[in-house]
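As structure tokens, one chain now follows by itself in the form predicted on its own.
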Amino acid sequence: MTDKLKGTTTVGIVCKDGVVLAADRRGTLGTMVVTKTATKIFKIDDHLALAGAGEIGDILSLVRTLRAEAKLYRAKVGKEMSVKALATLTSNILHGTRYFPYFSWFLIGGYDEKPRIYSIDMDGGVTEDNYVSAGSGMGFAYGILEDSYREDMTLEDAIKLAVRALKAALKRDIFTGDGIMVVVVTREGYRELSKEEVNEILKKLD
């Protein structure tokens, strides 16, 4: 795995208004930083998102498959796929390829009847939780999440917590770095925060 382009760390948080996904921007090749602008969070449908930690090629391949499946589902059924259905589909794909696996760990988040987040490992194991993290910096991120998460958090508070968790990973994990990407998925849909919005949050945390 050390000879392939990788990306880490990812965080997902459920709050009362929606889901927050955050990830760093660093892509590494072994111990070399290959890119400082890697995208690790992707829109799958209007209210569905995926964050991936691991080999970037595998992440992009699965994103293309899931986007196609989501469009096909909408065309056949006449409505958007649920978050649980997307997580189940992802799990089935990963389990079916476990002998030639996607070397990545995925977070599936979105909003249907309510906000939901799922963590899915490369063998297809699925866990639904209120907050999740994946990648080489996940231990540092979980330290922040465990200490500060509350079920009644507002979207603004959840965004701040996600940025704090990523900031902890940026400080301590050598494979995590070069900025933070933040996405929110609410009843209104998918939105990526601007670089300026993220930097403003980071300034307030200093």
Partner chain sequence: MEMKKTGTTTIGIKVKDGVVLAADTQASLDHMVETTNIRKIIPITDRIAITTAGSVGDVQMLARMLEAEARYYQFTWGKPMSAKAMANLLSNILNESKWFPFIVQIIIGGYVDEPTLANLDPLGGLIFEDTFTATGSGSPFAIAVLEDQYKKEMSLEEAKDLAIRAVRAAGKRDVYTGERKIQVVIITKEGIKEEMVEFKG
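Positions refer to the first chain, counted from 1. Just so it is clear, the structure is predicted and the values come from calculations on it, not from any experiment.
Only in words, not in the display: the form predicted together with its partner chain, which the text now covers.
Contact annotation: of the candidates L62, A38, I144, M153, the single residue with a non-hydrogen atom within 4.5 angstroms of its partner chain in the predicted bound form is I144. Only one of I56, A70, M181, A168 comes within 4.5 Å of its partner chain in the predicted bound form through a heavy atom, and that residue is A168. Although its partner chain is omitted here, in the predicted bound form all of Y131, S148 and R172 have a heavy atom within 4.5 Å of it. Only one of 114-122, 79-87, 95-103, 131-139 lies within 4.5 Å of its partner chain in the predicted bound form by heavy atoms, and it is 131-139. At the 4.5 Å threshold, heavy atoms of K43 stay clear of its partner chain in the predicted bound form, well away from it.
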